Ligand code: NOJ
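Next up: just one chain, as structure tokens, the form predicted alone.
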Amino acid sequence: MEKEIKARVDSLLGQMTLEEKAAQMIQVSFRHLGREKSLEWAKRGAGSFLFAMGEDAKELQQAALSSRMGIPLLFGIDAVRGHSVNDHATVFPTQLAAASTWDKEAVREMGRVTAKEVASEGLHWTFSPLLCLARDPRWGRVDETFGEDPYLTGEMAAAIIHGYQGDDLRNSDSILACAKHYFAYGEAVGARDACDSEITRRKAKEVFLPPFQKAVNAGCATFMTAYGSMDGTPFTANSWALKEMLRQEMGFEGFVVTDWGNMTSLMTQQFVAETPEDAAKLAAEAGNDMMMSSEEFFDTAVSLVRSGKMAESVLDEAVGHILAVKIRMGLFENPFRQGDPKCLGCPAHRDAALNVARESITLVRNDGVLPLNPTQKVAVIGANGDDIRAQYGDWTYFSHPLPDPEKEPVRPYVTVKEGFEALSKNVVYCRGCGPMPCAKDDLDAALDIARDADVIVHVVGDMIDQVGEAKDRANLDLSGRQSELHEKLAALGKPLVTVLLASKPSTITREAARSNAVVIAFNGGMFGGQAVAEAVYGVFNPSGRLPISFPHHAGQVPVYYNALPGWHFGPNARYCDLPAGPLYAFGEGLSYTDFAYEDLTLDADTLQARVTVTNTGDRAGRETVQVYFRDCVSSVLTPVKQLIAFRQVDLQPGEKKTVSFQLNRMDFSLVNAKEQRVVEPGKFLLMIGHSSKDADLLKTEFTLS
């Protein structure tokens, strides 16, 4: 902590009563407590509110400033894909869709736009980004992740954090980022939301902590503890994670907030605490600075200190972290800071959302049927082809925190159907069926319009009732009658394009085999439908790459690319009733042109790698050059390959470029049995190419001494 800030923090702490310190550690839900009780908390000196917006936030801030200490409030909001709980804000694609761009600048801009729109309402803090790894697609919150890989997740995280926080936290259009959920939340056994993550400390350091380290390095101001536990210890009560790792080893200087009711969950869900006093003591002493929606902490913390069961220094440390962030934001000087209200949903911001949506579209199969010609008669079929709720997914104004069927979607937005209709007059639409059985299902009507079309576009996927917290799925097949309809459409013998508009990978092996083309769209936000249509008609050349692998069957998971070796019979090992690899692999994605790789070189002394990439097709395109490595012999098991760098290159037809990467020794490190990150000397394999698939990679062996 900087000397000036520390002196100011110490001065404030010296003036605060025990009760005022305990109150600073409380985050109150305005939506759940209501105006009167919230005002009482503000006057008492609560540290933060969530779900308070507009005039409500201003009134609460005024009440806080009129308290004895006059410490300003922090206002937090779930702006995880734009300021999307405001129905007039810009709604971006989900993190999973954004990760499909592999474009750090586009993701940084997504964060910048979000910050401006959140700040335009006088709010200070977003609970984003989510840095859990989606290594099991059955988990309900896969859509909120940047995919399965720690390196890509860390790079995307740093980019969006820089976007949220800007150049200076004191700027009126900068907001606090929050790296969550710390950590390994997505690794819960059986993909059961908030259950135990059966990993070791070594595994944590090797796989799950590196993205959070990049968040720390990017200056992320706040962290959020995860639901769940590791090796039986709840993350909310895990002092090794919060103090030894986050503070001491990783160098984090911001403050830590629990997730919703996490302190209370120590009693009611995890049963490691018997009383509120036990839970408060565990959470505070472990290193949580602010308790989200656990107001009982106030009385119990005061009681614990007065009875001598907990040192007041525990509160001093926590409150010091909170005050330091408020000082860095300039809140004491400008408690009613506000960005430009006119920026909310402005054209430039909508353009940014459209850009991310376009870049996220990932083509994984195409036998030449795409791009379509506007003169072809196209039958667009499927409920998800004209359902903005399914296209948005969760964490928006009609799905946060629970789906609101009464809330009307607000324009502008473009569904897939509308996107097609904007580009061609030869488009017909039929709902057919959707992810859930419905009285509106009519497969015969869909087949009737399909028979008269030149091309069928079947939009399949899931819906918000199947997505989010406590919405884990055991079966990843297309739900409802979607697969049945797909089979009947394929039997017509027409060219069939399948669009997956979903929150996560689905097991679409049969559907893919029946299709002439497959487009992965995930949840594309307000202009996701426009992006799908433009990609299919060739308005732009799709460049998305998968940030997550697609299994053939739910029983095949996990299928993440960076698995450990050792399965009996080696590289060709597989379940006897399934192919060895995934349906679609991490990093995979096609284009309307082709790219060739040649001349891979590596200088073993400088660790500079070079490869030549040529656009061998007749259309300009963007290629994402991916760099992987393998430690050939190591003291502990290491992945069969691991991403360590990537770079995007735009190439005209016939154009050739040499792409270089300056690597360093630590890129080839591992965490050994003593939990130390080291580089072990020996042979390594460097791989560069189009995706994580072996067939897409050039390889060269080298030695580190």
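All residue numbers are counted from 1 along the displayed sequence. Everything numeric in this text was worked out from a predicted model, so none of it was measured.
Below, we turn to the form predicted together with the ligand, even though it does not appear here.
Chemist: Name the stretch: of 674 to 682, 636 to 644, 657 to 665, 44 to 52, exactly one has residues whose heavy atoms fall within 4.5 Å of the ligand in the predicted bound form.
Modeler: Careful reading of the contacts points to 44 to 52.
Chemist: Find the only residue in K180, K417, R112, R431 having a heavy atom within 4.5 Å of the ligand in the predicted bound form.
Modeler: So the residue touching the ligand in the predicted bound form, by this definition, is K180.
Chemist: Looking at F252, Y413, Y561, F127 here, can you tell me which has any non-hydrogen atom within 4.5 angstroms of the ligand in the predicted bound form?
Modeler: Of F252, Y413, Y561, F127, the residue with a heavy atom within 4.5 Å of the ligand in the predicted bound form is F127.
Chemist: Consider F297 of the chain shown here, and say whether it contacts the ligand in the predicted bound form, taking contact as heavy atoms within 4.5 Å.
Modeler: Taking the distances in the predicted bound form, the answer for F297 is no, it never comes within 4.5 Å of the ligand.
Chemist: Is there a non-hydrogen atom of W567 within 4.5 angstroms of a non-hydrogen atom of the ligand in the predicted bound form?
Modeler: Judged by the heavy-atom cut-off of 4.5 Å, W567 is well away from the ligand in the predicted bound form.
Chemist: Please tell me whether any heavy atom belonging to V627 falls inside 4.5 Å of a heavy atom of the ligand, as the geometry stands in the predicted bound form.
Modeler: V627: no contact with the ligand in the predicted bound form.
Chemist: Indicate whether W395 is a 4.5 Å heavy atom neighbour of the ligand in the predicted bound form.
Modeler: Answer yes; at least one heavy atom of W395 falls within 4.5 Å of the ligand in the predicted bound form.
Chemist: Going through 221 to 239, which residues have a heavy atom within 4.5 Å of the ligand in the predicted bound form? Please give them in sequence order.
Modeler: Contacts from 221 to 239: M224, Y227.
Chemist: So the CA-CA distance for P403 and L443 moves by at least 3 angstroms in the predicted bound form. Closer or farther than here?
Modeler: It is farther: the C-alpha separation of P403 and L443 rises by at least 3 Å in the predicted bound form.
Chemist: Taking the shown form as the reference, report whether the CA atoms of L402 and S48 lie closer or farther apart in the predicted bound form; the distance changes by 3 angstroms or more.
Modeler: Residues converge in the predicted bound form, at least 3 Å closer.
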